[in-house]
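Just one chain is shown here, as structure tokens, and it is the form predicted alone.
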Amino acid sequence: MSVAENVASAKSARQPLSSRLSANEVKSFVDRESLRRQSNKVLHGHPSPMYWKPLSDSVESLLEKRNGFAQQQDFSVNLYVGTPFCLKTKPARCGFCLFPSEDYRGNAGVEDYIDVLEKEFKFYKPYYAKDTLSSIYFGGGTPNLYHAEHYGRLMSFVDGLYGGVPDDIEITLEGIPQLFNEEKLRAIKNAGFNRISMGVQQLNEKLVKYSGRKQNNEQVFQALEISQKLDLASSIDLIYGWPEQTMDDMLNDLKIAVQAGVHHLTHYELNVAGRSDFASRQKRALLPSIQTNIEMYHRANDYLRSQGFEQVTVYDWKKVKTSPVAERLGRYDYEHNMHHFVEHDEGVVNNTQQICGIGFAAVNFHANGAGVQDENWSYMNHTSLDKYAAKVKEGKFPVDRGFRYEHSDVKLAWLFQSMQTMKINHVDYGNIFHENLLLEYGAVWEELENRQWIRLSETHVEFVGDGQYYIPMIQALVAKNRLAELRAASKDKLDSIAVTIE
């Protein structure tokens, strides 16, 4: 049954039809935005932190409320531990990265940061100690800037907060190739980590120089080889749509990665946004065209499937299960656990996956339920290391800003996460939120079906063809009206402040 037939059927059953977006609005939006570069939303949910504001509630009061919800349902926690430091590059932040970071301050700076981090961990003891850990991710920044002796101490903070760490969860540490060596990887393994994620970006040594990085392929291969010897799962990030990159360059990078025995691969489009160097006019002139990027996406997918890889998200690939060991090596639990963060039993929410973040720029995402009356929020620690450290030393939670979710925001957050997997279970959506997804966004699905970007089944809206590539744009489309409301609310608040001042 087509989208139009499903919508007509729902209308005949006298279910309410949302007036979110008209057919003309949808078509105009897609026609316009499909001609623009996609702003990468690999790790972004709804809404973007640009809409977050200083919290009106204290962090302690929110955490007390969260403990109250924990008496009624289970929370599965994905712990994120932030690291501020990156090696200095020219251009800054490798030319494209928009994540918060600070230049490496030497071992003294690292030691100071670890001392402050330990204090923040202790702040959360009354609130997080009884949670069930699902995964742990040390991100950044560049967490393999720590010295070998630091990793055991870092993991001791986690042990101290949770009273131990389950044996069967994934514990990941990010890093860059040139900072891994056998001594460090052995220390990482001995501390309890079981997976490393390497931000390689390019295996073409000529092209990687655009990022100002001093890395070579030998360092990549050495890190992978040592990881395999130590039974550490490993994955690498590669970027397509890079300045001067050709189709052959991109495919060659994938071939090298596959031949190196990688079990998990993140392959995503260059993020050209914000004030990054790659977003400047001179770099834009060197970028492949949007149409070439779309072709790169499809050619990469065809190649990886031919090599026995399975696509898990728009950008995420794992080696097809050939053994329990291969299955373990191909996991990426920290991210995948969040793709369906609300679990239910016949429409009754019985568990939510949460992100509990500690450290510089760390984010907490507390989904305490999915009903209209349930309270849900996110908040972020300071993205200035000096401000972060000062707050902790004062004995305060180092939170900079946050967002309180209305019911519509929880639905959009769930949709954003689901879309990353290239399909939405509209039956689950109905059971969790008690609304008809096909009706709610009827004009969107009809337009995408006309373009052959989705395929509809009795249970799923599945993204196909170019519809997969354009998922960031489609996320922006379904959130269009809500984001307009948030912008208007921010403007009204600013206007009222201005009037008060006058």
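None of the values given here were measured: they were computed from a predicted structure. One rule holds for the numbers: they count along the sequence shown, beginning at 1.
Absent from the display: the form predicted in complex with a small molecule. The rest refers to it.
ask   = Are any of the heavy atoms in residue 176 no more than 4.5 Å from a heavy atom of the small molecule in the predicted bound form?
value = Residue 176 belongs to the contact set for the small molecule.
query = Would residue 402 count as touching the small molecule in the predicted bound form under a 4.5 Å heavy atom rule?
reply = Output for residue 402 is no: heavy atoms all beyond 4.5 Å of the small molecule.
ask   = Heavy atoms within 4.5 Å of the small molecule in the predicted bound form: does residue 303 have any?
value = Result no; residue 303 lies far from the small molecule in the predicted bound form.
ask   = Is residue 268 close enough to the small molecule in the predicted bound form to count, meaning some heavy atom within 4.5 Å?
value = The answer is yes: residue 268 has a heavy atom within 4.5 Å of the small molecule.
task = Let me know the one among 121, 96, 210, 416 whose heavy atoms come within 4.5 Å of the small molecule in the predicted bound form, would you?
result = The residue from 121, 96, 210, 416 that makes the contact is 96.
ask   = Exactly one of 375, 343, 237, 115 has a non-hydrogen atom within 4.5 Å of the small molecule in the predicted bound form; which residue is it?
value = It is 237 that has a heavy atom within 4.5 Å of the partner.
query = Among 311 to 319, 419 to 427, 199 to 207, 153 to 161, which stretch sits within 4.5 Å of the small molecule in the predicted bound form, heavy atoms only?
reply = One stretch meets the cut-off, namely 199 to 207.
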